[in-house]
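Listed next as structure tokens is one chain, alone, in the form predicted alone.
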């Protein structure tokens, strides 16, 4: 196991893209300390900011600790395998373009977590900022796979342009949740902001809190108790979210966004 202990709060944004357990597993402490990381527009070395310790061998496991983690951007970016645990907060774009592995953050995360994620699992113990599971600038597709679980609340734009995968927000989500959703599933345990599912084409938004305000381009299809809902409840239970899973029963189904000829669905308490 490799431990990176942050010595002090960085004076600016420090990018840790590529500092992942699968890439560090074959390196010794000296080589790890020399890895380049960017502070703003300036290149520095990982050892300038972290105390590095390796204990044992044969595990693709990385732990990042220390106060000031909210200025660490792209934590877990490009990770393909292994386990990365952050004891505290992280900054923007956590899990950027992940293709595998597991990222666990005990605290909160900034904006754009799980951007362009393709596979793997992200668990965030606190809140997340805007654009969770969204797209890179200029791209038409957001999150393409994997699982994201947020233990508290998310700000606006959850799953914008999402193509595949599962996003679970145990608390509340802001406005425009699931906007331009192409496929995949978003589950929100608490309240949900205005205009969920705007311009969605396919996929599912499961809003288990108070029924959100929907655009008039969503058609009420009545109350349903579908097999897919039971399968989703089973998936949530396997993720350790039994309380949330127990709330998935017969739900009212709205289809849309029909302004975009969409065939997606928003499921709300009946």
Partner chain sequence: MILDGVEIEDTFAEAFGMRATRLIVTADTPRWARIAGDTATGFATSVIACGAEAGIERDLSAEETPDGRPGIALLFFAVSRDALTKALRDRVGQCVLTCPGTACYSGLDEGERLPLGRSLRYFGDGYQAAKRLGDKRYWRIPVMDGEFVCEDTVGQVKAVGGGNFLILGKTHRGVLAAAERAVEQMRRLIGVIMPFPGGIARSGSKIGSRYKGLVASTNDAYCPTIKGIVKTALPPSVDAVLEIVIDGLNEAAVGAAMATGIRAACAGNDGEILRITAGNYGGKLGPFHFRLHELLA
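Numbering follows the first chain given and starts at 1. No experiment lies behind these values; they were computed from the predicted model shown.
From this point on, the text means the form predicted in complex with the partner chain, which you will not see here.
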| item | value |
| --- | --- |
| Proximity of residue 66 to the partner chain in the predicted complex, heavy atoms at 4.5 Å | no |
| 4.5 angstroms heavy atom contact with the partner chain in the predicted complex for residue 263 | yes |
| Residue contact check: residue 203 to the partner chain in the predicted complex, 4.5 Å heavy atom | yes |
| The partner chain contact at residue 155 in the predicted complex, heavy atom, 4.5 Å | no |
| Location of the partner chain contact in the predicted complex, chosen stretch of 47 to 55, 22 to 30, 241 to 249, 219 to 227 [non-hydrogen atom, 4.5 Å] | 219 to 227 |
| Contacting member of 164, 195, 123, 71, with respect to the partner chain in the predicted complex [4.5 Å, heavy atom] | 164 |
| Contacts with the partner chain in the predicted complex - residues in 153 to 189 whose heavy atoms fall within 4.5 Å | 164, 184, 185 |
